[in-house]
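First comes one chain, alone, set out as structure tokens in the form predicted alone.
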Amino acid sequence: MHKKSGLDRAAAIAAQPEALVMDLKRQSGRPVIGYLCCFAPPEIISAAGAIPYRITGRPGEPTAEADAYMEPYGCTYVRNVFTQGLKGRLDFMDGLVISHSCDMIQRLYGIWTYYHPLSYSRLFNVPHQVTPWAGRFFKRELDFFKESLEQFTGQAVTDERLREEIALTNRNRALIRDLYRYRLENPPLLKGSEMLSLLLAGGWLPSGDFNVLLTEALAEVKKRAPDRPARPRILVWGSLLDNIAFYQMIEEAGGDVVADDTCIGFRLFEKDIDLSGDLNEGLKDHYFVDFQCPRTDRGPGSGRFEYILERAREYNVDGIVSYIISFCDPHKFDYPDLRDYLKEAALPMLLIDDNYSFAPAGTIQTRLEAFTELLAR
């Protein structure tokens, strides 16, 4: 596998993440802690001597098993993920961490731990407003999270170990920002689907291994030269995208995904975690205050969308494609205001409302093709 290029290895990892993590577990003897959303910092999981594993679904797969436990009109992604657990595909996990990113995911924690309990489980509470008291609450949750992991793994999460882990992930963030800069080129030297493969691999690889992968990928991209005409440049905004299929559909429709604002995207890597002072303060700022997730209330007005417009202008974007999973309330509540805000800035926006399946791929593909043709004109 190591004979492949960095980008090829990332694609191979994205195709079979479970096999990779099971192999890491056998080799290291470390427990695997699965997590949904990143509000509970994976750096703390690593510092406690465990392997953090970002749980992903399988788009398009039936969710009949989960539907017996959960309401069918809830988030398809959540039901899809729980289906993987019920089918035994996540049995290699020793623990589960779920953050209160939305009500449906919080509900998943209670159902999962009751009907399919693991050796370790933790609900990480996250406030919904950015206020001084909310920041203090988040920092207290960080301490509780550390204590629970220490009790489970038997290893102390010392400041020294946590600082080392954060420093390593900061180096990875710097490499990711370097890779994003090659998408400023026109045409971009790195496809959106390739970038997402790398980011997904980072949710399954130990930080040191991810650093090697990113370094290899960056060296490859530096050697590239433009080999085709420029195409419409697109920013993707919306719900969690943990599969490269949607980006590939945009590319096949004639567009280039050059920027993003999604759960697994630039949100996590735009800034480093501050190591100059209290570590909990740095983690709080990075994963709560600065993390631009629609589930967090930042007050009235359109000012909360300014960063999206700034990114669109920085990457010379021609249009926005919004991908929203059915019943994803946080993103659906934000969509009308964001659409109107971008319209005032003369940026067209296409909404794709999907049930995390891409089943109506023909319909979606047709709409994407029509949108890219519009942008090209």
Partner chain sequence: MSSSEMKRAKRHLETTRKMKDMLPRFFMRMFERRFSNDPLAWCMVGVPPELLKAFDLLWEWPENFGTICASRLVAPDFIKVAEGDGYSPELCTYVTNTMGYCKRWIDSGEFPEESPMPGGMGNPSMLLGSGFLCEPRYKWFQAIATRFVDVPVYSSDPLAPPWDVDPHDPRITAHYKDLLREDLHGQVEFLERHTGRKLDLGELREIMALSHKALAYWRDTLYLRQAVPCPMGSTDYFSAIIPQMYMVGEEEAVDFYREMYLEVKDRVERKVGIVEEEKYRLIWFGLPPWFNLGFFNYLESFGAVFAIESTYNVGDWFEVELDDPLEAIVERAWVRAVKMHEYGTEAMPELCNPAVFGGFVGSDMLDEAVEQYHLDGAVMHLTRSCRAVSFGEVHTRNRLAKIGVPSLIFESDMADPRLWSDAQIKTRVHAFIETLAGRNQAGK
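Residue numbers count along the first chain shown, from 1. These numbers come from a predicted model, not from an experiment.
What follows is about the form predicted in complex with its partner chain, which we do not show.
Check: Though only this chain appears here, would Pro127 touch its partner chain in the predicted bound form if you measure heavy atom gaps against 4.5 Å?
Finding: Within the cut-off, so yes.
Check: Would Ile111 count as a contact of its partner chain in the predicted bound form, using a 4.5 angstroms cut-off between non-hydrogen atoms?
Finding: Ile111: yes, in contact with its partner chain in the predicted bound form.
Notebook entry, point to check: Looking in the predicted bound form, any heavy atom of Asn186 within 4.5 Å of its partner chain?
Noted result: So Asn186 does not count as contacting its partner chain.
Margin query: Taking any heavy atom pair closer than or equal to 4.5 Å as contact, tell me whether Asp318 reaches its partner chain in the predicted bound form.
Written below: So Asp318 does not count as contacting its partner chain.
Next item on the list: Select from the listed residues Met104, Val221, Ile244, Leu213 the one whose heavy atoms reach within 4.5 Å of its partner chain in the predicted bound form.
Entry: Of the candidates Met104, Val221, Ile244, Leu213, Met104 is the one lying within 4.5 Å of its partner chain in the predicted bound form.
Item checked: Contact assignment for its partner chain in the predicted bound form, among Arg177, Arg136, Arg163, Arg89, heavy atom within 4.5 Å -> The residue in contact is Arg136.
Item checked: Among 31-39, 309-317, 56-64, 323-331, the region lying within 4.5 Å of its partner chain in the predicted bound form by heavy atom distance -> Correct option: 323-331.
Notebook entry, point to check: Is any part of 42-73 within 4.5 angstroms of its partner chain in the predicted bound form by a non-hydrogen atom, and which residues would that be?
Noted result: The stretch 42-73, when checked against its partner chain in the predicted bound form, contributes Asp67, Ala68, Tyr69, Met70, Glu71, Pro72, Tyr73 at the 4.5 Å heavy-atom cut-off.
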